[in-house]
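Only one chain is given next, in structure tokens, and it is the form predicted on its own.
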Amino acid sequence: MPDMQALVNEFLVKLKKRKIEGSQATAKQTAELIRSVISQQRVPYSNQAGALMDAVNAVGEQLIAANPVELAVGNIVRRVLHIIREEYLSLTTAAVAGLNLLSVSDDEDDTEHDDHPVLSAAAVAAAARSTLRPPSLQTLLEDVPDATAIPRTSSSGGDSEGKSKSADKSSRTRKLKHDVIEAVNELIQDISTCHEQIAEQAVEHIHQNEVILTLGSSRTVLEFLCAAKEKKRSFRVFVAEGAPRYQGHLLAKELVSRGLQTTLITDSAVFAMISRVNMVIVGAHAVMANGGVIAPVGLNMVALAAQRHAVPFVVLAGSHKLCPLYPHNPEVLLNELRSPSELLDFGEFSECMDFGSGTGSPLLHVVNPTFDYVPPKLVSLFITDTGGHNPSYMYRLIADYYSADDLVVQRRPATGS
């Protein structure tokens, strides 16, 4: 069995040194690491969900701090916390529903049924949602009579009942961890196939003889455009090169190799070419709860040009990029600065870097931001692996994936007895 702390430390180093390229790869590896943490976590009989959530919070806090601008890490941590809550709630509701059936059955043969009141599953589910915060949901189960604890005629006696109750608790503990791991496996599968699920919708949005504009390079956009081409759609793609990294050059080459008509343009030519465009289709780094988009630098300029000429601005994003935070949240780091060497050669500009001003600071400063923020009013449509959505609907879609209690990921303070 691998040393879990060693695996966590190795992943932390990758995040800090930006060794993982792309939100999809980051999200998938984060989910796989958390799955390993859960599988090796020992779950007590009491406070089962709390123990799993404490373990995930402890690791998640370190991962988010290692690379705050990679919001996919925090998204996955919060998704797993939400999964634990939902699976525990499901087990609790199922256990009480089974208890109700057993109590009704015993009522036919046992006149002492009134000593064990029937609790509705809906009432327990409501209580479970409010009790999943400290104190633990397990206190709810401790207040509910266990199915094995209901008095009934048995030839095996009290020892058998005690063993049955212990076995039931052990089985419930194992089932919680098993169900959570299965749900995380489904999450990993969804992350792996998000490009294909988004690409399946391409034929609904790209029509014959249209002109599509994009900027930089995005695998989601690439698969989306190629899927439309495979459905016999004939269209042309304008690719803005995405300076200073010029990722658009790579996308243009890939599109040409797959048989799409492609025109490569400079970023500064977007406004001049936008009047010929029918639709702008771009990828995203993250989608915020208000429908705003954190995207590669230069896309806000493209969005403004599209709005000026009434061209639809469509954003493609897998569900792992949907972030429950708002841009103004203090936990959100919207941008980071890349190396100045992407903009200029230090050898050619060595004279400008001279500290000759006498103030101790260089004469030339280079700012090379990585991302832009595109406000929701500039976005026409989001296409995710669950379908197309308006920006105003994104907060409701995001609410399905996260719990409000998990927005701030941090270790819970130890409570004294």
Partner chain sequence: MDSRRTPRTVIDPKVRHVGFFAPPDRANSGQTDPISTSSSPSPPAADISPSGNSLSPVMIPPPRQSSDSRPIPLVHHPASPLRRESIPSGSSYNPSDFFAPATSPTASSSFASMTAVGGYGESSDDVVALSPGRAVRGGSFRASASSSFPGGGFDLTALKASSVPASELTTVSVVNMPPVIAEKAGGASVEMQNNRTANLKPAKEKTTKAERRALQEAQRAAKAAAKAEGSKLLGGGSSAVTSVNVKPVKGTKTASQKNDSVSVAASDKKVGDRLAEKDRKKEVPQPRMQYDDKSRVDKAKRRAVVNQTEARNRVELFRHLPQYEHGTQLPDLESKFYQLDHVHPAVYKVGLQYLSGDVSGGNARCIAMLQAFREAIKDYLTPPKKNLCRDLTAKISSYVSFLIECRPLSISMGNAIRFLKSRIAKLPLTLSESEAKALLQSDIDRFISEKIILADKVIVKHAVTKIRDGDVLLTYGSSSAVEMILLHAHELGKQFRVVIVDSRPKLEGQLLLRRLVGKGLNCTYTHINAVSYIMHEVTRVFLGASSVLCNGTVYSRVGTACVAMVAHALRVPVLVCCEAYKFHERVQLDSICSNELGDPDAISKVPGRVDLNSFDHLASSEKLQLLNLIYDATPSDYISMIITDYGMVPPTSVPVIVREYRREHLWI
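Numbering follows the first chain given and starts at 1. All figures in this text were calculated on a predicted structure; none of them were measured in a lab.
A second form of this protein, the form predicted in complex with the partner chain, is not displayed here; the remarks below concern that form.
S.K.: Would residue 256 sit within 4.5 Å of the partner chain in the predicted bound form, counting heavy atoms only?
M.R.: So residue 256 counts as contacting the partner chain.
S.K.: Is the gap between residue 65 and the partner chain in the predicted bound form 4.5 Å or less for some heavy atom pair?
M.R.: Residue 65: no, not in contact with the partner chain in the predicted bound form.
S.K.: Taking the shortest heavy atom distance, is residue 260 within 4.5 Å of the partner chain in the predicted bound form?
M.R.: Taking the distances in the predicted bound form, the answer for residue 260 is yes, it comes within 4.5 Å of the partner chain.
S.K.: Even though the partner isn't displayed, in the predicted bound form is residue 249 close enough to the partner chain, meaning a heavy atom within 4.5 Å?
M.R.: Yes - in the predicted bound form, heavy atoms of residue 249 and the partner chain come within 4.5 Å of each other.
S.K.: Under a 4.5 angstroms heavy atom criterion, identify the one residue in 273, 181, 222, 95 near the partner chain in the predicted bound form.
M.R.: Contact with the partner chain in the predicted bound form is made by 273 alone.
S.K.: If you check 226, 91, 265, 188 against the partner chain in the predicted bound form, which one has a heavy atom within 4.5 Å?
M.R.: Residue within 4.5 Å of the partner: 265.
S.K.: Quick one: find which of 279-287, 311-319, 230-238, 77-85 has residues within 4.5 Å of the partner chain in the predicted bound form by heavy atom distance.
M.R.: Of the options given, it is 230-238.
S.K.: Note that the partner chain is not shown here; using its position in the predicted bound form, name the residues of 369-397 with a heavy atom within 4.5 Å of it, in sequence order.
M.R.: The stretch 369-397, when checked against the partner chain in the predicted bound form, contributes 369, 372 at the 4.5 Å heavy-atom cut-off.
S.K.: Knowing the shift is 3 Å or more, I'd like to know if the C-alpha atoms of residue 313 and residue 329 are closer or farther apart in the predicted bound form than in the shown chain.
M.R.: Closer together, which means the C-alphas of residue 313 and residue 329 are at least 3 Å nearer in the predicted bound form.
S.K.: Look at the CA atoms of residue 292 and residue 330: state whether they lie closer or farther apart in the predicted bound form than in this form, given a difference of 3 Å or more.
M.R.: Distance between the C-alphas of residue 292 and residue 330: shorter in the predicted bound form, by 3 Å or more.
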